[in-house]
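This document opens with one chain alone, in structure tokens, the form predicted alone.
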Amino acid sequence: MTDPADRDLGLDRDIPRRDLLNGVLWSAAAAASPLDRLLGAAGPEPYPPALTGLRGSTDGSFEAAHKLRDQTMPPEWATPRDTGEKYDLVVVGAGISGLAAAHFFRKRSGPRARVLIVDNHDDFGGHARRNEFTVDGRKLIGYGGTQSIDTPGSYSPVAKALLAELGIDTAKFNQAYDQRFAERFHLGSGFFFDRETFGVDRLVSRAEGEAWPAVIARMPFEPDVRTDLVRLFASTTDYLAAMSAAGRKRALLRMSYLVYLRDHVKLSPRAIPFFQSWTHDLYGVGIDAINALDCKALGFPGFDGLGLDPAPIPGQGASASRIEEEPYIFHFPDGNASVARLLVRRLVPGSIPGSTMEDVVTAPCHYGLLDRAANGTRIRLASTAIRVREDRGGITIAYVRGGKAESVRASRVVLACWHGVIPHLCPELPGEQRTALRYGVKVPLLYTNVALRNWKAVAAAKVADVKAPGSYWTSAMIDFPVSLGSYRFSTGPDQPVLLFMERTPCKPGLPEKEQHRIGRNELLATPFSTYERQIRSQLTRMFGPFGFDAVRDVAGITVNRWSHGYAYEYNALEDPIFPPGKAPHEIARQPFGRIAIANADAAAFAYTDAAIDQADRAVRELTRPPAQRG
């Protein structure tokens, strides 16, 4: 029997295709080929972007890899069926790095080069994932992973050239991105205080430019805590006056922002929970595990009196050093899934019709054309690599598809997959390299799109984005207001829109890597029904006072589960400052015979340009004359 509270949230209502992606029904279908499963769910050919429910790393995408890791593979996988296929290059991983590697290789080797890309997911793009909804006859396109082209002015010449070659003119986003959207609808930022953490459910909005004392006065804190918060935001005190300028930066690099607030600013312990999750979206952990110098670079309060120059120092996080170099407007409606789609359009002619960055937004992808024998480049989805072994005659690549092991041969291989899986694929790698490949722990996260039939309640609350520091979902925001090509963003609160929500599960107080491992286990153990209940409940608590009704207003939900999300970036609180060339990611990415390694993990930097640059490096390593190889 359905709980009455669940009925009030709409949990007894069907969401299109949810039953195909949730719990037992999905698992029961896992014995069939993943692409065959999709045929029955999405019409005459598979169309993964339109599937809702639990997406990202879905059930069926990781089980073979886990059996490889745990050494529990079925005996028959040890003798995979030889398909008889031979390629000049096989790429393991169809994310942006793998797709870019295939592109760079064909440019260097010529149009007659034969390339195969295999990927464990049922869609290409890796974390650059596209989500589609149809709400009351209107198509909504959102991003389920890699969000934007971040600071393209800082891209390397290689990455800039690739964007240009794909037809991406970042200047066009100046018009495509509605930079006055929030101003036109009088939307500011918001903070949701939940009763479990702060004693009461309350959404507090902050209008653009509104002074902090007025905002803090509306927060559910005791008067002395509000006074302390006002002090923090207005402070020009030098809390590290006893230290030299250089010493201050080194000290901030080795202390967490939590420690800085608690021990140096002397902020009330009752105020600290307000800031705990402010770093979740960028790092996947809270301020207990992120150094204060990075938080200073991110614009967090409490540093104005220290007189620090903004130049980064060795050991400072790469993400923090990149903040605010350019406006954050370089965003396709599906995030960087459009970058992946433009690469696929080049690699597999005819798979995605059109020729411009504008028309790729709404162009369909014909997934049935990706793995044809006639293609110069083939993309084989739902195929998990389990072995990459080199011999004198070439390289054998074994993978599992539909529960069966198959193998192909290649002259060269680019491993554009996660670093952590590579030692299992290639156990012959040197011990130091295997250890380096296992060093980082990728950040687990949930990127969730909620399709709303209208956003009247959000408009009434006067917020475009909300931080919810104590809640299950720590942030929620109206999707980026981008209209590109024939795709048009909502022009008013009475029209459908996507609301983006994020969760990065972690365990405050533990080392960062351990928090990531615990968070990954949580993601894999949590059913979609729990996520849906938390989404509907939190939105009701935030926006219910402004007229939101979960039963009436929620039209669809896609939860993109990334148990292995952002690439690991070094953390000065735990990681040493490595000498040049000796960092784990530099040791890990060394070529091994005719096998090279790409992916953002190889840069220890979770950004699209890092993925592109590493693909270029890997291909150059494989295609330079033998005498020049290391």
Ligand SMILES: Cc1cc2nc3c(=O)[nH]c(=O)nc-3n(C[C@H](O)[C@H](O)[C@H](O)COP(=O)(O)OP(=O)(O)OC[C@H]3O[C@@H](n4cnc5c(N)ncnc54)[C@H](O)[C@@H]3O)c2cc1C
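All residue numbers refer to positions in the sequence shown, first residue = 1. All values reported here derive from a predicted model rather than from experimental measurement.
The same protein also has a form predicted together with the ligand, omitted here; what follows describes it.
_All of F192, F274 and Q534 within 4.5 Å of the ligand in the predicted complex, heavy atom check_ = No, none of the three is in contact.
*Could you spot which one of F548, Y447, F303, Y283 gets a heavy atom to within 4.5 Å of the ligand in the predicted complex?*
Checking each option against the ligand in the predicted complex, the one that comes within 4.5 Å is Y447.
*asked:* Give me the residue from A102, I96, A292, V413 that has a heavy atom within 4.5 Å of the ligand in the predicted complex.
replied: After the contact test, the surviving option is I96.
*the ligand contact at W562 in the predicted complex, heavy atom, 4.5 Å*: Judged by the heavy-atom cut-off of 4.5 Å, W562 is in contact with the ligand in the predicted complex.
*Counting only non-hydrogen atoms and a 4.5 angstroms cut-off, does A606 reach the ligand in the predicted complex?*
A606: contacts the ligand in the predicted complex.
*Hey, in the predicted complex, is T540 touching the ligand, heavy atoms inside 4.5 Å?*
No, no contact at 4.5 Å.
*Though only this chain appears here, would N120 touch the ligand in the predicted complex if you measure heavy atom gaps against 4.5 Å?*
Yes.
*Quick one: which of 515-523, 413-421, 351-359, 238-246 gets within 4.5 Å of the ligand in the predicted complex, going by heavy atoms?*
Only one stretch passes the 4.5 Å heavy-atom test: 413-421.
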